[in-house]
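Listed next as structure tokens is one chain, alone, in the form predicted alone.
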């Protein structure tokens, strides 16, 4: 087994509140390049499966693991060891990119549960009305620009800016609801782990997360179009 002792990667004191051991470490806290398989992102970084992660701790863990897995440290063991170190590093990078972003973290938790359904998000009627008006404002702005009508273009641009501000406010509200749903999911996940079985509250929390994430992505697509229209 190719290992590398690195005190920066040592796990914390054993106990219920201690951080989990990163997947790449063996029982002695050494880098173990012989590990194979496909662990989940939380296990790769030695983090509990929770949505409310401490991002500062996440950053420190990521940097420590990447430093400990740097291929140059394994060059003495030959090309195979270097290749394995690179593979483990890719796992750490993928885990970090996913878990560092809140929306991606939510999507990943749903994916792990097999609950990231592919059905198209259906926005509520009042949002559809707003989107219809928004599309009209964008079309009016583009038509005015094409026709060289500066006054009409300026008015249309103001309408689009106001619509953008409204969408951003809605996105902030959706984010707040997602954060609340994430807290509910964390509590239900902890209770399920303690009970040794999935409790109904966990599925209910996932439903709220899935709905919130669909709403958030819908609004993000609108904002992308608005930002693109503003630059044309």
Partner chain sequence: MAYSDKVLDHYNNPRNVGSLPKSDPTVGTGVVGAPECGDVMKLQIKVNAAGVIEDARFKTFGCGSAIASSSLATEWVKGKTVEEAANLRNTDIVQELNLPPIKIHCSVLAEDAIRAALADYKAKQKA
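We call the rigid core the largest set of C-alpha positions that still match within 1.5 Å between the two forms. Since we're looking at a predicted model, the values are computed, not measured. Positions refer to the first chain, counted from 1.
Just so it is clear, the following notes concern the form predicted in complex with the partner chain, a form of the same protein that is not shown.
In the predicted bound form, none of the heavy atoms of residue 155 sits within 4.5 Å of a heavy atom of the partner chain. The partner chain in the predicted bound form comes within 4.5 Å of a heavy atom belonging to residue 121.
The partner chain in the predicted bound form is not approached by residue 101, whose heavy atoms all lie more than 4.5 angstroms from it. Contact check for residue 136: a heavy atom falls within 4.5 Å of the partner chain in the predicted bound form. Contact with the partner chain, judged by heavy atoms within 4.5 Å in the predicted bound form, is confined among 105-113, 144-152, 122-130, 157-165 to 122-130. Three-residue candidate spot 217, 221 and 225; every residue lies within 4.5 angstroms of the partner chain in the predicted bound form by at least one non-hydrogen atom. For residue 127, the Cα coordinates differ by 2 angstroms or more between the shown form and the other one after the core has been superposed.
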